[in-house]
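One chain is shown next in C-alpha cells, namely the form predicted alone.
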C-alpha cells in the first residue's frame, strides 16, 4: 500500500509505524525518546506529525502511529512547527542543562517561555528509556520515583543499588546524556556505585564489570566471558584455520 508524506508517495506495509516509513524514505522527523531497540515509547512527543485521513486532521506521534492506506502526512506544517516548538520549549524547562534540547529549540524555533520557571537543573526529560532498558535488558535497578515537579529517575532511596550490575545500558539509551558514567583504567562508576572492570584474558582490554558478565552468563547459561569481541573473533578464526589446515 502507499501513503503520502510531505508530498512524497511512500510504499509501506499496513500497520508499519509511520516513523519507520519516513526514515526509510529519508524524510526527517526529530525524535528524543525513540530507540530502535526499545520502540513504542512515545513519551517526548517531539516526533509529532499531522495526519489527514478522509478529510480529518489529527496530530499524532509518528513513532507509534500504524500507517493506513491513503493517509496524507505532514511533518513540518504550520501546526506541527508551532506544537513541536512548544513541546521542545517545555522540555528545555524540564532539562535546562541539555545542550541537545537547547540546539533543537533553536533549530525548530521554540518560544522562550520566560514566564515558565525552570523546574530543576539537569538533563533528564523523564522519557523512561533508561528504566525500560534496565528492566528489559538488565536487572531493573532504577525506576521513576516521586510525583509532580520532584519526579525523577533514581535507585531506591538514592542509595547504591544492591542489584545494579554496572552494565551502563541505561546510560547508552539516554538521549540527553543525563546519566553519568565515569571509568578509570580499572573501575566503572554509575549510580554512585563503583564496579571493578574485567579485562580480556588475551589482549587486556576492558570487557565489562564482573557483575555484568556474571549476569549475562547466568542468562545465557554459559560460563563468564573472558575474551573481548575482537579476540573472540580471532579465536574463532584460529579454530577454523586449524580445523581446515589453512
Partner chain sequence: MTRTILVCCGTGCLANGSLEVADEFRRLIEARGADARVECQVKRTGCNGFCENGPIVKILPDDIIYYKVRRRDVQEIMDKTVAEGQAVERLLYRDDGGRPVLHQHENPFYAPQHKIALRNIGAIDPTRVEDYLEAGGYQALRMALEMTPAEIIEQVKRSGLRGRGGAGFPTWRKWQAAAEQENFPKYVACNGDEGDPGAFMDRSVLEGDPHTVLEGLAICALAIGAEEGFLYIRDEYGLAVRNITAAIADAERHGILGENVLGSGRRLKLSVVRGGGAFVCGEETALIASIEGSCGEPRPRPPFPAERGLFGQPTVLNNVETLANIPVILKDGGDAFAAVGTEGSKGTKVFALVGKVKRTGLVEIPMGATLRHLIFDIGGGIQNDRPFKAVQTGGPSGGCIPAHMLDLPVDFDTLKSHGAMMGSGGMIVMDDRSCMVEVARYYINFLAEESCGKCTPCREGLRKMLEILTDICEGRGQEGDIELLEELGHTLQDSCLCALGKTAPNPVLTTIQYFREEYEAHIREHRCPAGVCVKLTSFRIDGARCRGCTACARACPTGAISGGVKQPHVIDPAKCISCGSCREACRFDAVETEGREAV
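Positions refer to the first chain, counted from 1. Please read all numbers here as calculations on a predicted model, not as lab measurements.
This protein has a second form, the form predicted in complex with its partner chain, left out of what is shown; the following refers to that one.
- Only one listed stretch (97-105, 69-77, 163-171, 83-91) carries heavy atoms within 4.5 Å of its partner chain in the model of the complex, and that stretch is 83-91.
- This chain lacks the partner; the member of 197, 213, 27, 48 within 4.5 angstroms of its partner chain in the model of the complex by a non-hydrogen atom is 48.
- Site annotation in the model of the complex: the residue of 181, 59, 201, 217 reaching within 4.5 Å of its partner chain with a heavy atom is 59.
- Among residues of the shown chain, residue 129 is not one whose heavy atoms approach its partner chain to within 4.5 Å in the model of the complex.
- Proximity of residue 158 to its partner chain in the model of the complex: non-hydrogen atoms within 4.5 Å are absent; the residue sits far from the partner.
- Its partner chain in the model of the complex comes within 4.5 Å of no heavy atom belonging to residue 37.
- Not displayed here, its partner chain is kept clear of residue 52 by more than 4.5 Å at the level of heavy atoms in the model of the complex.
- Residues are counted as partner-facing when one of their heavy atoms sits within 4.5 Å of its partner chain in the model of the complex; in 34-50 these are 40, 41, 42, 43, 44, 45, 48, in sequence order.
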